[in-house]
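To begin, one chain is listed below as structure tokens, in the form predicted alone.
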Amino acid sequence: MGLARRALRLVTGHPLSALLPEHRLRFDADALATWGTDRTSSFGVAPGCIAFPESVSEVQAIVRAARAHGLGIVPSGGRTGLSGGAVAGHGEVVLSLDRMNHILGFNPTDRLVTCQAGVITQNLQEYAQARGLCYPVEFASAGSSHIGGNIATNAGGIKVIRYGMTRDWVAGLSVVAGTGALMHLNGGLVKNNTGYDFRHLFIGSEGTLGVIVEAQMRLTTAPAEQSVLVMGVRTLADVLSALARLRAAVDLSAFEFFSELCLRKVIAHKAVQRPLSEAAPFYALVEFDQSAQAQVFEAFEALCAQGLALDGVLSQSRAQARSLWYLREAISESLAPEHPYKNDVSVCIEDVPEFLDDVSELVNSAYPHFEVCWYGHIGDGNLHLNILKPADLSDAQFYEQCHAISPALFELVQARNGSVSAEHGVGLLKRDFLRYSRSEEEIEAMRGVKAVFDPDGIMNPGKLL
């Protein structure tokens, strides 16, 4: 009874209590723990409350009330992020877009879907498919991530080599800035040369400028039936040679790579079969239009003749293509039980082999007993470094040791003019390392932009900057 009375007092006495009905403003421990974080596990979680607006006007009212009372706001989507961008650790209001999850309209002439920010990515993909079209941004969390969160982090995924990032598919945005003002940006236009395009400031801003509430997303022609080739190679340099040869032959939809250690983890956790009869140090996964199988097979035979490919398997059905993709897609889940320390970086594609050698030498010299799993979207220079936690270390000890070598790792990134965050964002995890990818002048300009849209600093405080 005492706890129930305390919860009631919190609801009735909170600055937002007059704005939302009681069931859409939650203070209970389960809600705070669930909506107060993302998929990171190394940051303290302590939100003040969780708010569930259902309209743009309610979002505006929440932002204005938070501003008036000096409350921080953490915008929350599907909470699939890996950088701590959705973590509320200091009594903030978590503004969840879960209930703003409707598709509002479709313009078939311009191939534009207008949707609320809480629409799940897979739902937009299925909506497009039902109309003979495609929303092509694809990644493992499509079944739970929100369009608004994708935009706020400029999500990439496995088809970037052909279709680009989320940014390339955003035709217009409606946003509530940190002032509470509602802004409609670009309105779905293809051509609009009227000065600054604020739409692109909000794409990738990680909720630090305001709340994305609606979006106009472009669709494209549905892709042809796809085939998948998985081949084993000796070195990363050979992977890049294969990429160049195959790209010269056909248009690729995806070009991924993973190490033998990654494959062993998937086999152990998922009980799947090896794709090839013999193990290889690295594997490349290539997706392309099925109609180009003959050209790909010819290029693959040439790679084998030159000793650049050891063996390979080419899908002969949709089911086999899915099973080959599963070898790559199941890596993250298979590594999860070993509490990996993840790093998501990018360099120019030609720099990848030398960069991987340097990073492996760095980690092995600092912590020779750590296992390191490499995989990623090598077709666009995006690499995922996963250091696996030894059983004899606590999470805190492991995180501290890994975090200690991050400056040296990011110096290697900086030396190649790369990015310390290729697609997962900066959030809390990379905030203190932003200077390795952005100059002091750029960071100061970013602070100036934030001051314009969020003059009181209430939007996702402590993230990114």
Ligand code: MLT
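One rule holds for the numbers: they count along the sequence shown, beginning at 1. Please read these numbers as outputs of a predicted model, since none were measured by experiment.
Keep in mind the form predicted in complex with D-malate is missing from the figure; the text below concerns it.
Colleague: Which residue, 375, 135, 255, 283, has a heavy atom that falls within 4.5 Å of D-malate in the predicted bound form?
Modeller: Looking at the other structure, the residue within range turns out to be 375.
Colleague: To verify the annotation, which of these, 179, 323, 332, 101, has a non-hydrogen atom within 4.5 Å of D-malate in the predicted bound form?
Modeller: Selected residue: 332.
Colleague: Hey, in the predicted bound form, is residue 342 touching D-malate, heavy atoms inside 4.5 Å?
Modeller: Because a heavy atom of residue 342 falls inside 4.5 Å of D-malate in the predicted bound form, the answer is yes.
Colleague: Taking D-malate as it sits in the predicted bound form, is residue 423 near enough to touch it, meaning that at least one heavy atom pair lies within 4.5 angstroms?
Modeller: Yes, residue 423 sits close enough to D-malate in the predicted bound form that at least one of its heavy atoms falls within 4.5 Å.
Colleague: Report yes if any heavy atom of residue 384 sits within 4.5 Å of a heavy atom of D-malate in the predicted bound form; otherwise report no.
Modeller: Taking the distances in the predicted bound form, the answer for residue 384 is yes, it comes within 4.5 Å of D-malate.
Colleague: Hey, in the predicted bound form, is residue 82 touching D-malate, heavy atoms inside 4.5 Å?
Modeller: Residue 82 belongs to the contact set for D-malate.
Colleague: If contact means a heavy atom within 4.5 Å, which one of 375 to 383, 86 to 94, 270 to 278, 206 to 214 is the stretch that engages D-malate in the predicted bound form?
Modeller: Among the listed stretches, the partner-contacting one is 375 to 383.
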